[in-house]
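One chain comes next, on its own, written out as structure tokens in the form predicted alone.
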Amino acid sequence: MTALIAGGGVAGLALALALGRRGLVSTLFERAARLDEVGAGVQLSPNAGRALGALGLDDQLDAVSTRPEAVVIRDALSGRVLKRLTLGAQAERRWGAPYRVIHRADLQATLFRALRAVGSCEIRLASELRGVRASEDGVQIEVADASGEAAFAGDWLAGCDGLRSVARGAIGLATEVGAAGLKAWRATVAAEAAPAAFDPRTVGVWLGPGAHLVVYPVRRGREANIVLIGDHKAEAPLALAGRWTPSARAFAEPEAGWTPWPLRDRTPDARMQQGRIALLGDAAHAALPSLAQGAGFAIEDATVLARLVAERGPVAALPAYEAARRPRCSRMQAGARTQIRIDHLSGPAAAARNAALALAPEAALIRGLDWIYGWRDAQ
């Protein structure tokens, strides 16, 4: 049951590792010449933490991540704290796994090292998926590398190849991805150079008109990860935060070091697989980052798919994978759209949101996260 895996991001590496832990072999194709993941921070909520722990990665993750004590939500205009949601040991007791924050490069490196140690996956870098031909008996792919184009055959294909997935096209899904009208400005700065409002013990969230800011520690607290999301027409982060309270605006004031990232999402698709081809991660369920579940749901996908393939073989496993994952992923996609609208309210609507947050019992808000953080694979 040789798997061909297109894409060496979080989804592809997690799948290859999960398959390898179950004694299954794979070949992974990644178009980048090196697995040096660009990007910034990732929030690994307990649903992802539980899955990664089952792969034996708890100690490795703890060596490069932080377990925040709380999420602190503030009004960006006034700086007033609207709600504090306790994480730390309380979150681990409730959901059975820790809540971590980590640099994406550290997460990818952890997965890569574990995968190399298992030795079940051939990793082919600088190899870009160009075409797919599937039959009742298997899958053949065309891959472009430094020496030209080559064909590879396997029993099934996992499309972990991101927003503009070639594997999506192979099962008849649109490969275009719609613009959300939003842009994420991302930066990572040394903790000692971060604004005074940076707290390395928490995930800080500031809600402003048409934009919001998220700040949390990475690299074991040595650096601050800053993400500011707002109108894609803004030419600089300060254009989004100019009216904010000084403590929040300070995060947007540096003129250098920002990476602008246009945001994309998709309406939930009718399927995540066909024949011997399955889609994972952004290839399957691209979503806005407002629920912080891009990496988490990719890891969930990998966990479920690897188990089902090991139990049933790919022909029976892929439809079962879709049945298990599609309703949950669709809920996440829709929830992310709703959440970003709430986060970006202005005027009287924002005032009503702030009042509701301030009055809501913390326990009720925590219960509202159970459907995400409490996920467990149906073993």
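We number the residues from 1 along the sequence you see. Computed from a predicted model, the values in this text were never measured in an experiment.
The protein also exists as the form predicted in complex with a small molecule; that form is not presented, and the subsequent description refers to it.
- For the marked spot (31, 129 and 282), a heavy atom within 4.5 Å of the small molecule in the predicted bound form is present in each of the three residues.
- The stretch from 78 to 86, 201 to 209, 255 to 263, 269 to 277 that comes within 4.5 Å of the small molecule in the predicted bound form, counting heavy atoms only, is 255 to 263.
- In the predicted bound form, residue 216 approaches the small molecule with a heavy atom inside 4.5 Å.
- In the predicted bound form, the small molecule sits within 4.5 Å of a heavy atom belonging to residue 293.
- In the predicted bound form, none of the heavy atoms of residue 71 sits within 4.5 Å of a heavy atom of the small molecule.
- With a 4.5 Å cutoff on heavy atoms, residue 333 does not count as touching the small molecule in the predicted bound form; it lies far away.
- Contact with the small molecule in the predicted bound form, judged by any heavy atom within 4.5 Å, is made by just one of 317, 51, 329, 42: 42.
- Checking 134, 180, 184, 197 for any heavy atom within 4.5 Å of the small molecule in the predicted bound form turns up a single hit: 184.
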